[in-house]
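What follows is one chain in structure tokens, specifically the form predicted alone.
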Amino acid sequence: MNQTEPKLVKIAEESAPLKPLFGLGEAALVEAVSILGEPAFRGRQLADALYRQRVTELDAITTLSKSFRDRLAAEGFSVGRPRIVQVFQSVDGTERYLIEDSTGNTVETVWMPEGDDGETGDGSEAGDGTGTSAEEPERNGSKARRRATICVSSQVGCAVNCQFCLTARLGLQRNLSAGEIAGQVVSVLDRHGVEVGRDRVNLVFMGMGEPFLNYESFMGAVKLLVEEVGLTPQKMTVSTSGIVPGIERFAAEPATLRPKLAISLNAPNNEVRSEIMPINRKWPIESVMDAVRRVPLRSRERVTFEYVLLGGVTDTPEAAHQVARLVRRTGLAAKVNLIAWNPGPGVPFEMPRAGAVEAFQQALAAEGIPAYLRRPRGRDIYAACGQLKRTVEG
């Protein structure tokens, strides 16, 4: 009997019935194939197939011999990439997906073919303002480049309980693994035939869940997307409701792996914020700002403060003045993204009155605060900010 066979039997028993390969980086794949008695280059071939060729079945990995593919299957391995099980298409071209996780449950991901301008003005390449349409004009006969944004979930549901968000109605059902988070991105890239390095695609970790309450898996997914898929962290943004320990950990991440940071502010002061975002009672605005100051920004990079305007609650001229003063006092290189509240059934708020968003933007600008409007995308299919709750209509 081959000396490795008892180890293989033990591995299969401990992790039955199936062991997904997707979610393992190249080093882990090399280790896995070495246990099977295969050379290291087989692991590198697996990584290339999973993350660059985007295979979904073992039999499609033609760089591996059929006998080795059969052996992987016999040992309980599968590709195991999350798959799109339902697609909803908006009149504006946005697509919302229900993506099946490893438990057979679903999580939501959104494709915005022209983005929503959320990265504008953040000081990065992604926010340099070039291109406003899904495809740039062809140059010298070359194929047009795509410009799009993928909104990624980190949890099924959410525990933060923001009062204006439909996802809060689900509560927290489970954390996603690094492979399940990265798998959303790769599945959407695959669906749209995105060519990494040519097409311009931004990622925003702003879907279901609070990324910093699933920190290890979130950063594990970022590492997979950077090191294996070939994406750049400077075209990724993570949004947090203000989880101070998570922000502090994030500040220590290397710039080669650290996405840009967005803080969901959403209120001009602690009193209002605690009412609409209960998490503020644990980590008030001052403690959040202290943590954000520790994040070492890249050259030209700005922290983004996301601000949802709720009619008659957070959209007043006085609120604009307070937000401007608050942001200015942080001393941070920062900008504000303004988001008109996206309605949902049973959520007791109203959209801003006509002209309120633009007036709020002008008030911030008058006080020297860069402010940008995030375009609502996919409202008709419950794909807009704050609307993700696995709605099956639309």
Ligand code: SAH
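A residue's number is simply how far along the shown sequence it sits, counting from 1. Please read all numbers here as calculations on a predicted model, not as lab measurements.
Keep in mind that the form predicted in complex with the named molecule is not shown, yet the notes after this line are about it.
Out of the listed residues Thr109, Thr94, Thr149, Ser264, Ser264 is the one that sits within 4.5 Å of the named molecule in the predicted complex by at least one heavy atom. A heavy atom within 4.5 Å of the named molecule in the predicted complex is found for exactly one of Ser241, Thr314, Asn202, Gln184: Ser241. For the chain shown alone, Phe77 is not a contact residue for the named molecule in the predicted complex, no non-hydrogen atom being within 4.5 angstroms.
Not displayed here, the named molecule is approached by Glu306 to within 4.5 Å at the level of heavy atoms in the predicted complex. Using a 4.5 Å cutoff between non-hydrogen atoms, Phe164 counts as a contact of the named molecule in the predicted complex. Contact between Trp341 and the named molecule in the predicted complex is found at the 4.5 Å heavy atom cutoff. Partner contacts here mean any heavy atom within 4.5 Å of the named molecule in the predicted complex, and among 185 to 193, 233 to 241, 286 to 294, 68 to 76 they occur only in 233 to 241. Contacts with the named molecule in the predicted complex, taken as any heavy atom within 4.5 Å, map to no residue of 214 to 236.
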